[in-house]
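Quick setup: one chain, the form predicted on its own, written in structure tokens, and binding and motion questions come after.
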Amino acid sequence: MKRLLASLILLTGGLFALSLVVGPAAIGPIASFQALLTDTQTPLSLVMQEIRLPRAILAVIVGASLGLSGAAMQGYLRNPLAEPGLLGISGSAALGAVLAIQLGLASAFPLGLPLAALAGALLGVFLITLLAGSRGGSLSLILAGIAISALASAMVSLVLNLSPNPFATSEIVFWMMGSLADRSMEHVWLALPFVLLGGVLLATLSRPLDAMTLGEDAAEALGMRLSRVRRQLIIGTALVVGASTAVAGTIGFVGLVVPHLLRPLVGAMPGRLLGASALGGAAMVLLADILVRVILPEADLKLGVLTAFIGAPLFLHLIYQTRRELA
């Protein structure tokens, strides 16, 4: 386990460094890092400090959030197909952002869009908690999440359908594809407190998730308060996924695929999978964001599109492999 975590840390650190030096301008890594560490107001130092550094930090934040929340969701629901979007939090955050764009809040206030997305995520959490009830089980939580996700998706479609402004419609569509381009340190400082708080809440679920592999009755017999565990899971997932969606848009498959890939390497223990999935998710988003800049730099390829192209074939391969093992 320690070797796996060390390998993931080295991989994430290497991709982070690579993300800082990859870009449309043909500038060497030594010059790039010198510009990053100096305070001179040269164009290169501004690019490194105001564009590339926030983008790389946000890739780590978003990837770690999605990977961690995906592992926690799969462990709690004891379902390898569970992922953060199942609770409808990302859909609620997307609805808040869409309304901000459509009503002009995003253009009137620089942080209006991410703040509206966070408000949408918090509203989604409130509705999920209200629908699922304080004593509801895993099934009621799933059904409440599906209902909120469907409602948010329908309202986004309604806004797009009734939008009289084609420019706002275009901006909404592109934002929902997910991207880390044109982000600043303001976005980092906005998302970081929510991600840190939510990450702590999810990371401390290690023991309860391990206990729940024996079943809910056995976990309660071991002294786990499942209502508290579920509340902690919902709030933690809402904070990390809501903040990530607020600053980067909708990025799929990370929370679904990364825990799948790493589960065999941690002995299929949900508690051990949390930290590994956070590092794996950060590495996956960093890699995808690097590829976005390399494959079609002039076409503004969206990050969410590329993660889907990476994640879907991997997930199909995992399904095929699982079927062969069960045959």
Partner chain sequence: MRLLFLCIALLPGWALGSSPGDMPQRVVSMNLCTDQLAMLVADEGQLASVSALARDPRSSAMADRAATFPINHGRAEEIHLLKPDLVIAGRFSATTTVSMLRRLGVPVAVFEPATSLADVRNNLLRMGQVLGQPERAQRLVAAFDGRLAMLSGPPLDPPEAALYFPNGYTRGEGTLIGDIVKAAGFDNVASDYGVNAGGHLPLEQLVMAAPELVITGSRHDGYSRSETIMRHPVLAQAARSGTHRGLINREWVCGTPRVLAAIERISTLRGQLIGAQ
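Numbering follows the first chain given and starts at 1. Note that this is a predicted model, so its numbers are computed, not measured. Here, rigid core means the biggest group of C-alpha atoms that superpose within 1.5 Å across both forms.
Missing here is the form predicted together with its partner chain; even so, the following discussion is about that form.
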task = Identify, from the list 102, 74, 250, 149, the residue with a heavy atom within 4.5 Å of its partner chain in the model of the complex.
result = 102
remark   = Checking 204, 157, 170, 79 against its partner chain in the model of the complex, the residue with a non-hydrogen atom inside 4.5 angstroms turns out to be 170
ask   = Want to guess which of 117-125, 226-234, 205-213, 162-170 is within 4.5 Å of its partner chain in the model of the complex, heavy atoms only?
value = 162-170
Contact test in the model of the complex: residue 41 vs its partner chain, heavy atoms, 4.5 Å = yes
query = Does its partner chain get within 4.5 angstroms of any non-hydrogen atom of residue 13 in the model of the complex?
reply = no
task = Mark residue 294 yes when one of its heavy atoms lies within 4.5 Å of a heavy atom of its partner chain in the model of the complex, and no otherwise.
result = no
ask   = Can residue 30 be called a contact residue for its partner chain in the model of the complex at 4.5 Å between heavy atoms?
value = no
task = Just give me the residues of 52-86, first to last, that have a heavy atom within 4.5 Å of its partner chain in the model of the complex.
result = 52
ask   = Superposing on the rigid core, do we see a C-alpha displacement of 2 Å or more at residue 234 between the shown form and the other one?
value = no
query = Quick one: once the rigid core is lined up, does residue 163 have its C-alpha move by 2 Å or more between the shown form and the other one?
reply = yes
ask   = Do you see a C-alpha shift of 2 Å or more at residue 253 between the shown form and the other one, with the core held fixed?
value = no
note = in the model of the complex the CA atoms of residue 165 and residue 247, compared with here and shifted by at least 3 Å, lie closer
key: Relative Cα spacing, residue 190 and residue 106, in the model of the complex - shift of 3 Å or more   = closer
